[in-house]
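Coming up is one lone chain in C-alpha cells, specifically the form predicted alone.
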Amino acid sequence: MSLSTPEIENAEVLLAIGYNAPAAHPVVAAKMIKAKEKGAKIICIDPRFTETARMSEVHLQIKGGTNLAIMNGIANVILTEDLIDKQFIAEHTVGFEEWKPLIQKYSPDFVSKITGVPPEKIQSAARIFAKSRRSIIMWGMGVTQFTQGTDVIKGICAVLLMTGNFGRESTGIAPMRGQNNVQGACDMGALPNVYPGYQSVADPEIRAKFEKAWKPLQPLPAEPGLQLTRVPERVLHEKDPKKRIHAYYIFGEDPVLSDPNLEEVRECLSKIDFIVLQDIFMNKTSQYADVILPATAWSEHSGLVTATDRSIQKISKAIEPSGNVKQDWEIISLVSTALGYPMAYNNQEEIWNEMIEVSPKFAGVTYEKVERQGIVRWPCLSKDPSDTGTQILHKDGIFGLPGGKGVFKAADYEPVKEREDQEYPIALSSFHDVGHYSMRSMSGNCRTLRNLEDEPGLIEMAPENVKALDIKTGDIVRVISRRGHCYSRCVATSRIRKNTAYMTHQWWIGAVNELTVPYLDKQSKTPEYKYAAIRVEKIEDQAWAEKEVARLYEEIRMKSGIDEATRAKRSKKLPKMHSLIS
C-alpha cells in the first residue's frame, strides 16, 4: 500500500475494484464514508451490488472475471481523450509508448461486449478518475483471486501512472489484505522467493548476508521455495522421489478448508508420510495431523504486527495462557533445536532485533520507537529518533526501481479458465460476509457467533434462478461443480445478475472450496477462487436436509477433535484416527 489508511478520507476519488470495505474492513469503510462526506466520488467495480456499490457515484457491474478488460477500458478512455498527465509520464515513467498499442484496442464498445457494462458508464468512470489530483485505487480478493490477478494489478498501476496519481498524499494503490497481519507475515519472509524484508533469495550478496547472520548448517539455496498451492502437485504427481513432499509442517493454516479443489487436498494430505499442525484450535486439517502443537492465541502473547498500510504496532498480552501451550516462536525454536539447529531466543524482541539488523527497510523500527510513537511505517531506515517511518511510498514520483521510474506494463484480457455450460449453467463466486472471521477456525469456536449464524452458510442467487428451481429463501440446496458438492442455504437477492451465485467462504458444511477450480495465476500462483461453473439442485425433503447438515457438522467437529466429549463418546464407531499429541 503506497499511502496510509488515514489518507483515504482526504481523497477526491476512490475506485474500489473487487473490494467491499463495509464487510471486509469496517475501519477503512469509515474512512471512505468520511471522504464521501467531504465530497469525494466513489467508483465501484464489482459483479455484485455491494454496500460499496450502494454509496458509489458509478457502479460498473461487470461480469465476473473481467477485471483486466474493464481496467484496460478505463485506461483506453483516459488515453484517447487525452486526460493523461504528460509531465508525470515524461519525468517519472518508462515504457509508455510501448504500452499504448495494446490499450488502444480496448475501446468502450469492445470492453462493453466482454464485461456487460454500457460504454457510457465506462467513459464516465474514467473521466471522473482522471480529472482528480487525489485518486486512489483499492482492491481486495475480488482482484487477486483470479488467474490474471497479477496482470490486473499491473493494469491498476498503469492507470495511476498515466494520471500522475502516485507519490503524493491521498494518491496511489491500496491493496487491502485478507487477514490481520498478512502484511507482517510477508514482511518477515513468509514468501517463497524472499528473505525477511523482501530481499531476493536469488541474490548472492543477500544470501551471503543471511548465511553470516544465521550460520546455517549448509549453504542457503538460490532457488525460490514452493508456493502453498503447489503442494498437491509435488505429492500426487511428482515422479522424482527427491522432489516429492514427504513431510508437511502446517502453521496457522487450514488447507482442508481454505485451499481450492478440496477433494484433491484431502487425497494429498492422506498420502503425505508425516504431518505436523501448529495452531490455536483444532480444525478440519487436524484430522490428518500426526502431531499437533498447541500455540497461544492473540490475547495470550505480545509482539509486533503490520497493518495493511505498512504501519507496525505493538500488541500486549492480555491474559496468561492456560494448558500446555507455547508461543509460536517458542515452538519453532524447540523444533529447530531438536532437529539440530539450535535457536536460543528469550523473547520476541530479540527475534525482531535480529530482523532489523539484516533488513534495511526495517532498520529503524525499534521496539522503543514503536512504543514511543504508537506506530512506525516501513521503510524506516535509521534508528535515529527523527526517522519516524514513511507515510507515502514513491514520494515525488521516485520509484524503488532501477532509474527511479515507474514502468508501464500491459497484458491482454483472457477469459476465466472454467466456463458455464448446459450441465453447469451458473457462475459461482465467493464473498466475505460479516459474522465469522476467515475460515472460522477461531470464530467458529465462539458459541455466541454460532448462535447468530451457523452452518451451512448462504448461497445468494438471482430471483429468476430461484424461481426456476422452485425453491425459496431459507431452503437448503445441493451445490455441485465438476469437482465436488456441498450444501448451502438459498437466499434470493436482486444484488446479482441472472445465472450467477455467491457463497460465503468460511463454512465447513457449505465449503465453497469443494467447488472451486485448481487453476493458478501464472506469477503469484494464487488460485482462481472467484469463478467456477456450478449447478444448484433442489432438495425436496427439507426436514431431512436440516438433519443431514446437523449430522455432518457434528461428524466434522468430532473427527477434527473439536468436540472432545462427542469424540470420546463415539470414538469406537470411528475409523482409526491419526495420533493427536497435545
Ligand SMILES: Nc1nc2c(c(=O)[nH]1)N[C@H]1C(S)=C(S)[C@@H](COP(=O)(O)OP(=O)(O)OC[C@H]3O[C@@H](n4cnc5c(=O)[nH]c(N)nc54)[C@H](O)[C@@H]3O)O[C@H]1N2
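Note that residue numbering begins at 1 and tracks the sequence as displayed. A quick note: this is a predicted structure, and the numbers were derived from the prediction, not measured.
This next part talks about the form predicted in complex with the named molecule, which is not shown.
Undergrad: Can you tell me if F129 lies within 4.5 angstroms of the named molecule in the predicted complex, counting non-hydrogen atoms only?
TA: F129 lies outside the contact set for the named molecule.
Undergrad: Taking 4.5 angstroms as the cut-off for heavy atoms, does N513 touch the named molecule in the predicted complex?
TA: Yes, N513 is a contact residue.
Undergrad: Is K41 near the named molecule? Define near as a heavy atom within 4.5 Å, in the predicted complex.
TA: K41: no contact with the named molecule in the predicted complex.
Undergrad: At 4.5 Å between heavy atoms, is Q179 in contact with the named molecule in the predicted complex?
TA: Contact check for Q179: yes, within 4.5 Å of the named molecule in the predicted complex.
Undergrad: For this chain shown on its own, do G172, E414 and R483 all sit within 4.5 Å of the named molecule in the predicted complex, going by heavy atoms?
TA: Zero of three within 4.5 Å in the predicted complex.
Undergrad: Counting any non-hydrogen atom inside 4.5 Å, which residue from R478, K100, K209, H432 sits next to the named molecule in the predicted complex?
TA: Selected residue: H432.
Undergrad: Which of P360, G252, G95, P192 has a heavy atom within 4.5 Å of the named molecule in the predicted complex?
TA: In short, G252.
Undergrad: Given the stretches 402 to 410, 183 to 191, 296 to 304, 196 to 204, which is the single one in contact with the named molecule in the predicted complex, using a heavy atom cutoff of 4.5 Å?
TA: Comparing against the named molecule in the predicted complex, the contact stretch is 296 to 304.
Undergrad: Are there residues in 24 to 38 with a heavy atom within 4.5 Å of the named molecule in the predicted complex, and which are they, in order?
TA: Counting only heavy atoms within 4.5 Å of the named molecule in the predicted complex, the contacting residues of 24 to 38 are A24, H25.
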